[in-house]
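The form predicted on its own is given below as one chain in structure tokens.
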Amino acid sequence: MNASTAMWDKFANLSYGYSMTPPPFLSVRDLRVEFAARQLLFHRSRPPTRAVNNVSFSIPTGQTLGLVGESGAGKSTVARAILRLTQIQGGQIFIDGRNVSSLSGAQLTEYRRQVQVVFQDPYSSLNPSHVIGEIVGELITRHRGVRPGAARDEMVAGLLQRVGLGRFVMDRLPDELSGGQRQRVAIARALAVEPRLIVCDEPTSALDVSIQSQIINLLADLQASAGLTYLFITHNLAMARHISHNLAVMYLGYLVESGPTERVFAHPAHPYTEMLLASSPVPDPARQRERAAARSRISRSTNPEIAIAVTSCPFANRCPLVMDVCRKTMPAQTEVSGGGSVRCHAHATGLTFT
């Protein structure tokens, strides 16, 4: 085992508080994704935009990692990189110990059978001109070689039943179904190729609140019965807490905190995580007043300008605990009591936000 691999294994264990049993099914190491900046006529060329900056995490087999953060944090870009829908400029992606960062051809097709996605909008992700039986069945034909006919129809009917829909749905078009029914179809389509990892990219944000919990419970039931591994991307912290074994918090392309879900909620180690939690409503009036007071303290202490220098902490211009070192040096990963890690100079020096 080389030094780099040994360091990664130590980080993986540190970040999630697990031994290597179960082993990680997905491992992302130092992932970096850049997009070319828009070039304006008669202006000096601008450097590319770094959407994801040296992000590392792992997900044990059969578990769920909730990837949370504000819009623009880089969550969906991480998902697209894992799905091989966008090019990466650095780092590696491992599935079940195999480096999949540069697969192509038949190997990439086989990889995409193991890794599927459920997108945010169940209507735009389904072909509006095809009936549900064809939408789900076409993946069975493409990846499992079962041609259209009675055998494939039975397989489609079985998948629809697994997600709580009846056989009658097979002859319906997507616009004849409700939003919740369409998202169940999207999940059935993902299951059609018997994947081992499903990337859920904001799968409930386009649904009514009354339907969201049904979809989350369905995903949890499928995980329990089939041993699925999930990367669950959301800005809804309550949703992430309900389904995730571990959380990873992103800010401006950086992973600033990770760890067991309950530890992150009970004892957030990064000021940005605390800000997210303070912004999330809770049904308890007393706790809601405490969070309102926390938001007030933060708003009086912070500057919303975005930190640009990649050598400094990306949260420096908004942090109530900012120190001179924060504006000069990127904080390293630091162990957190209770499991996980945080990228924060203040935490490393023992400062707390009160």
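From 1 onward, residues are counted along the sequence shown. In this text, all values refer to a predicted model and were calculated from it rather than measured experimentally.
What comes next is about the form predicted together with a small molecule, which is not displayed.
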Checking Gly259, Gly137, Gly74, Pro122 against the small molecule in the predicted bound form, the residue with a non-hydrogen atom inside 4.5 angstroms turns out to be Gly74
Go through Arg263, His235, Arg241, His143 and name the one with a heavy atom inside 4.5 Å of the small molecule in the predicted bound form.
His235
Would Thr49 sit within 4.5 Å of the small molecule in the predicted bound form, counting heavy atoms only?
yes
When the contact criterion is heavy atoms within 4.5 Å, does Glu274 count as touching the small molecule in the predicted bound form?
no
Taking the shortest heavy atom distance, is Asp30 within 4.5 Å of the small molecule in the predicted bound form?
no
In the predicted bound form, which of 167-175, 76-84, 219-227, 93-101 comes within 4.5 Å of the small molecule (heavy atoms)?
76-84
